[in-house]
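Quick heads-up: it's one chain on its own, the form predicted on its own, in structure tokens.
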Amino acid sequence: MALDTDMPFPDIERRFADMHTASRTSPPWTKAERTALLRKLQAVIASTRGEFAAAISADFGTRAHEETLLAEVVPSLTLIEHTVKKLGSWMAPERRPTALTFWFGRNRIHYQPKGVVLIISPWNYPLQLAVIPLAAAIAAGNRVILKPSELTPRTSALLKQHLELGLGADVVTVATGGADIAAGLSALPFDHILFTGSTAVGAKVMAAAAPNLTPVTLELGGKSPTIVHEAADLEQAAGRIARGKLMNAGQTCIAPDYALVPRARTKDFVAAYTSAAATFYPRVIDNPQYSSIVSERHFERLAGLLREARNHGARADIVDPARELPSMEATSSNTRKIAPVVLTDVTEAMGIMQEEIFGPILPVLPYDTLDEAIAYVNARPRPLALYYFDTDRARIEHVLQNTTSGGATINDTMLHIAQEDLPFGGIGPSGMGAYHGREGFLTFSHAKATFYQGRLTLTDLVRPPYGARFQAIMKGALSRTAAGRGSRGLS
């Protein structure tokens, strides 16, 4: 394939051209071939999980091996196993009803590989968010170029080493490097692009893909709200919100970004949240189970948001049980760690309420009525996730029906992403399209509509020359539709 481009990565460009040619000239992989590749991927992740945990921790500065196992290794292996078990049914042609007019024909949908897929994965979960879409793309029969984040270089190097060796570079090529590599790749005529990252960069990826009319799936982020009803178990809710917020020190795209709490219960919620956080992390700075912020730039951004909020009147409750930080301080620049913080008395003018936080800082906003909380959420860009704590089914359905988000978890946080049979994706500025499970297979597949004509067919009765028989058949067809009732013919 000849490419009229000026790219900074000729080796990857040649690999793309080879993959593109193979996708057009080789027969699609069979179920057995796809299953074998998925099993190889599963074996790679299982056998190298210790290496990946060490590399991810080194890339962050500190991240618990246990957290990598919980949030990256197990979800990846579980999703691959689910995919292998379901692959045969997903690949099978899907029957669709055939209208009476077209009897004795048959309708089927055949799912075909799109061809060559680009996956641009982020730094916050550098293993899981590379492997899960990769498994979906392979299940659908595609060859893949994977561009992992430059902010986690050790992990990216391991992905390149183990994936290309374990599955073959003709199946998956890993393109390491910076933003220039991602930009150049996005401009190539891929058959599909899946990007996970910020809304701003997602817009650039979409713009780069537009000249080639390349379809894109964007998994972005935003300010995912949590609403706590006055009837909720406050301590339980606070503990579950703290667990979701503080995993990976808040560097999670679906982490609770802020909490809406009944005005009369705000102080109790703050106390319960800080107590739970202190229980989870009795030490913060000298604790290998509490993550560092991934880079100096991200650390300074969070420190700046916190400083600005406090300077403009926000109250900060800092969780520092071991007194490792100076009084009233929440940040440690030497370790790039930020202690869990609850902010109250925040205003909309503060930067902390304008952008996705992506760190262990939780603004808590009071509300007076549930509909007021719903209106607050709906007045802002549609989030990637929404969390609601309540036991009343009618109120739960009211919240779900009257808010729009990429996904939702009731009486907990983030767990909808762990369900193999649920799609994961955003809406509006939090993303477009979905993957995970069958939706991942469908995202990377072309659904080819196919009609099989029968030996006998009613359509042979409506051939020219048109006469009385044609008029009678059309009259009958029109009479079966609301729009055609009362029609007396075609004139």
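The numbering used is simple: start at 1 and walk along the sequence shown. Quick caveat, the model's predicted, so the values are computed rather than measured.
Beyond the structure shown, there is the form predicted in complex with nicotinamide-adenine-dinucleotide (NAD), which is absent from this document and is the topic of what follows.
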Can you pick out, from I285, V84, V74, V201, the residue that has a heavy atom within 4.5 Å of nicotinamide-adenine-dinucleotide (NAD) in the predicted complex? V201
Which pick from S292, S405, T173, S149 sits with a heavy atom within 4.5 Å of nicotinamide-adenine-dinucleotide (NAD) in the predicted complex? S149
Contact check in the predicted complex: Y273, A373 and T409 versus nicotinamide-adenine-dinucleotide (NAD), with a cutoff of 4.5 Å between any heavy atoms. Do all three pass? no
Quick check on F424: any heavy atom within 4.5 Å of nicotinamide-adenine-dinucleotide (NAD) in the predicted complex? yes
Quick one: is E324 in contact with nicotinamide-adenine-dinucleotide (NAD) in the predicted complex, heavy atoms, 4.5 Å cut-off? no
Find out whether any non-hydrogen atom of P113 is located within 4.5 angstroms of nicotinamide-adenine-dinucleotide (NAD) in the predicted complex, and reply yes or no. no
Please check if T217 has a heavy atom lying within 4.5 Å of any heavy atom of nicotinamide-adenine-dinucleotide (NAD) in the predicted complex. no
Would you mind picking out the stretch of 103-111, 178-186, 90-98, 331-339 that comes within 4.5 angstroms of nicotinamide-adenine-dinucleotide (NAD) in the predicted complex, counting non-hydrogen atoms? 178-186
Taking only heavy atoms into account, state which residues of 236-264 are within 4.5 Å of nicotinamide-adenine-dinucleotide (NAD) in the predicted complex, ordered by sequence. C253
